[in-house]
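One chain is shown next in structure tokens, namely the form predicted alone.
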Amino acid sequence: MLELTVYGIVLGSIISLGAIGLSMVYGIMRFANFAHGDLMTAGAYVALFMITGPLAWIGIPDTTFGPFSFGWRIVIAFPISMLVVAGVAIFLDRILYKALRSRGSGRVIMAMSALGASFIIRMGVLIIWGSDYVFYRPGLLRPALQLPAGIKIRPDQILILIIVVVLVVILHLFLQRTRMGKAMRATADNMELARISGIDIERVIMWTWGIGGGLAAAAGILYGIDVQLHPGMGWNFLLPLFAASILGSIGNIYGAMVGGLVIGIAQQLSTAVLLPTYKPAVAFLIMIVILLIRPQGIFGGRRR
């Protein structure tokens, strides 16, 4: 059970990154972005393209770092993928969501448009890379580290936790210390009041999409490092992402982080008595229970 809990923390940290971006979008735009999971897929596959394409063509070595299962290529591809997917998210907002907002479209229309965008992203991945499961470094398996109490964990998983912590700390400092971060928090609290105060709402929305897309890309890459890549990975993550956001009070990024950890641990612990294929059902069950018992979430709906 301790080992499953550790694996749950690793999975939960990946879910947290995705759920934070989902909560940020909801906190400001007030609609469910069903394309968020597929932005994770896009990030993972953009990194795969960089590793097997341009970075390989220009001769970047892919020798591994010590006990880790990756080398310089993925280190370089990681920030590039985050920037590319951030740009994709902003592009979708400019050509799709902004037009719908200007027409006064409701939340249902916005959510359905996001669902359509998710299908487009997923089909694009299927057309380019096919439906097979792929790995960043096929055939390479690093031995796990032996921790106290018989817990085994791979070095890659330790690094995943460190990267998630670093990204969350950077986001926290951005929201608390920068002018744009404060503008985003003000807009999440009251968009009309923020607009009257002179805040450029469209610029805030652009930053929100960019940050949310970048974090989704990071989550997709980290999941690819931990497990593997397939075109449906982001869609499979969508339910845990929403469950984590609702559990932590949707719109609250810190709640989303806690909710992601809870969902990840619950999913992994469930494999002690259930088949792993039932893990999405565990996330769904937790989401339903929270909606019935405490619909405002564990953080009571506070967004900051």
Partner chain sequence: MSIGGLLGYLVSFAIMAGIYAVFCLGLNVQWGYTGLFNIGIAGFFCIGAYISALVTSPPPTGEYAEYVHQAFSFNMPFPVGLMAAAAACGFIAFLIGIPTLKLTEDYLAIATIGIAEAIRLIFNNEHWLANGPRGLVGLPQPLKDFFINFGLKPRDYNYIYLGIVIIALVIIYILIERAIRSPWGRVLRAIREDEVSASMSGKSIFNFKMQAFIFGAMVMGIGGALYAHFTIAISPEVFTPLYGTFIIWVMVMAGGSGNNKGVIIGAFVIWAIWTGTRFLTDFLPYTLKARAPYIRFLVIGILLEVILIMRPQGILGEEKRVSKLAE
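A quick note: this is a predicted structure, and the numbers were derived from the prediction, not measured. Positions refer to the first chain, counted from 1.
A second form of this protein, the form predicted in complex with its partner chain, is not displayed here; the remarks below concern that form.
Quiz item: Between the options 183, 96, 191, 168, which residue brings a heavy atom to within 4.5 Å of its partner chain in the model of the complex?
Solution: Selected residue: 96.
Quiz item: Which residue among 257, 246, 42, 48 has a heavy atom within 4.5 angstroms of its partner chain in the model of the complex?
Solution: Looking at 257, 246, 42, 48 one by one, just 246 meets the 4.5 Å heavy-atom criterion.
Quiz item: Is residue 235 close to its partner chain in the model of the complex, meaning a heavy atom pair under 4.5 Å apart or at it?
Solution: Judged by the heavy-atom cut-off of 4.5 Å, residue 235 is in contact with its partner chain in the model of the complex.
Exercise. Consider residue 277 of the chain shown here, and say whether it contacts its partner chain in the model of the complex, taking contact as heavy atoms within 4.5 Å.
Key: Yes, residue 277 lies within 4.5 Å of its partner chain in the model of the complex.
Exercise. Classify residue 211 as contacting or not contacting its partner chain in the model of the complex by the rule of any non-hydrogen atom within 4.5 angstroms, answering yes or no.
Key: Output for residue 211 is no: heavy atoms all beyond 4.5 Å of its partner chain.
Quiz item: Should residue 129 be counted as a contact of its partner chain in the model of the complex, where contact means heavy atoms within 4.5 Å?
Solution: Yes, residue 129 is a contact residue.
Quiz item: Heavy atoms within 4.5 Å of its partner chain in the model of the complex: which stretch among 72-80, 173-181, 201-209, 97-105?
Solution: It is the stretch 97-105.
Exercise. Can you work out whether its partner chain is within 4.5 angstroms of a heavy atom in all three of 111, 281 and 292 in the model of the complex?
Key: Checking in the model of the complex: 111, 281 and 292 are all within 4.5 Å of its partner chain.
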